[in-house]
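Below, in structure tokens: the form predicted alone, a single chain.
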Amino acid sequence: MAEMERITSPQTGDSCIHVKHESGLEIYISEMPGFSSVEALFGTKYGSINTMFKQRDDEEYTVVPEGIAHFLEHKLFENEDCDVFALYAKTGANGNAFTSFDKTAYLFSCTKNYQASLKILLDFVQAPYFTQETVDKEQGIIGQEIQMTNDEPDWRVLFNMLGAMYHDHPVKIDIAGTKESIAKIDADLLYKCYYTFYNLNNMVLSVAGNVKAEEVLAICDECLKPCEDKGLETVFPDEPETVVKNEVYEQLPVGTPMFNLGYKCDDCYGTERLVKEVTGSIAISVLTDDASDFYKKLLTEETINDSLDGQVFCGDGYFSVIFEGESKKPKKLREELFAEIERIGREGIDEKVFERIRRSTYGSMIRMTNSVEAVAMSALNLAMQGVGPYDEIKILSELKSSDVVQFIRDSLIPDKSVLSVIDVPGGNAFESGVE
């Protein structure tokens, strides 16, 4: 029998059902009465960074070409005797999929016939079909996709930064790989990766919206094929604490110079990572607060326009804080941020400012609980991190300004920063505004 538990958030009162299915699959079901839509995601903890792995009975690690996780995602939609999107069209569902650095997920959304659509999802993800002929064809398609993304300035500014930040960790490689790496992919390699990472013990199903748990579990009992846990182990190269270089510059056809200023931080896992992620997100909000004197000064001096933003970028073996936006004076902006970070580390954060930002962020999280898509995605993401579905909002509710100040002191270190700039053709943004 499946192990079932109801998990409830003490902060919001929301709840979901968690099941460790006898097949090995982790299942999260968020019943949302009164909503008309359904969102379902079937994901595996397998992304672009997972290029080296072995199972319990393997003597040596397997190393595979970069981009193979994304390649496999494309190919899994092609079954031997049907087209998955044609099947979804019959049920009225919208199907899709994505591959990120640390996960691959297949999903659908619908307002009717969710049971039929869920069967389609579970069936095709468990039924791989690869031939060398179709692999060869896909190499050309994905090669074009790689070229297109390489021409995107916002993509380039990020990956230029990651390449300057990480010496060896595969997070610095484009999710889709390179034309050279995908040329090494064949059907046998795809099957090897599929049967390694698409083991149900390495996967999560998240369903939210107008559903009934007993109906979802009945479909799971019917469709899921039991899997032996083969002791999957993924490893990454030893990554130095230092960055490769502090600056990287490129010119592309953009209207205004754009930048990423990233800080390389110590990586961590599980609950520790989630605490650090929440704390880092609030630190970014404090530093980019458009009501602050600091932000107004940057605008007045025309160091930025109103695009200054940031994100915590983290996963297995990597953690960074990234500030991003547009600036004709990116080096001056960097120096201003360095100074403001040093000031906050020394003087602390005004409690009223901190509480306003914390409450605003808390409110945003509460609003997301009224989105079927957000609830399903959040449950999947948090489960794959090894934490509970409501841990994030609990951490935020308990966060103190001193925690944020300590994070800023410990993590935002100038020597471990990288400034990546995409300039206009013929521009000199890398020199403008430098004293």
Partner chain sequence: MTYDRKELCEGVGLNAITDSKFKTSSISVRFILPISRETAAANALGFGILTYSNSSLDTMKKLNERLSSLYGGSLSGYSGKRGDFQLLTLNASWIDNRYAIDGEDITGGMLGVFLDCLFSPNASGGAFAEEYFNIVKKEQLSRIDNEMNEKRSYALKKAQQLACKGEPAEIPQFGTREDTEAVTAAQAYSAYRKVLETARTEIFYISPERDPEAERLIAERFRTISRSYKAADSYRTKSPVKDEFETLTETLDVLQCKMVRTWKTDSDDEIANIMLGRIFGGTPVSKLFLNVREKMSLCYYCAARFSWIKNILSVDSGVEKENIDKARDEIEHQLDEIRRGNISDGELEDAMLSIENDLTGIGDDPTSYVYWYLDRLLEGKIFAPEDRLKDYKNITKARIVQAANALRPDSEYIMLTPDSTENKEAD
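Positions refer to the first chain, counted from 1. Just so it is clear, the structure is predicted and the values come from calculations on it, not from any experiment.
One more form of this protein exists, namely the form predicted in complex with its partner chain; it is left out here, but the text below deals with it.
- None of Gln251, Asn201, Gln115, Ser285 but one reaches within 4.5 angstroms of its partner chain in the model of the complex through a heavy atom, and that residue is Gln251.
- Interface residue among Glu351, Asp238, Asp154, Glu272, judged by heavy atoms within 4.5 Å of its partner chain in the model of the complex: Asp154.
- His74 belongs to the set of residues with a heavy atom inside 4.5 Å of its partner chain in the model of the complex.
- Proximity of Met258 to its partner chain in the model of the complex falls within the 4.5 Å heavy atom cutoff.
- Although the partner is absent here, Glu336 is not a contact residue: none of its heavy atoms lies within 4.5 angstroms of its partner chain in the model of the complex.
- Its partner chain in the model of the complex is approached by Met148, whose closest heavy atom lies within 4.5 angstroms of it.
- Just one listed stretch, out of 290 to 298, 312 to 320, 228 to 236, 182 to 190, contacts its partner chain in the model of the complex at the 4.5 Å heavy atom level, and that stretch is 290 to 298.
- Using a 4.5 Å cut-off to its partner chain in the model of the complex, not one of Asp57, Thr62 and Glu398 places a heavy atom inside that distance.
- In sequence order, Arg356, Arg359, Ser360, Tyr362, Gly363, Ile366, Arg367, Thr369 are the residues of 334 to 369 having a heavy atom within 4.5 Å of its partner chain in the model of the complex; the partner itself is omitted from this view.
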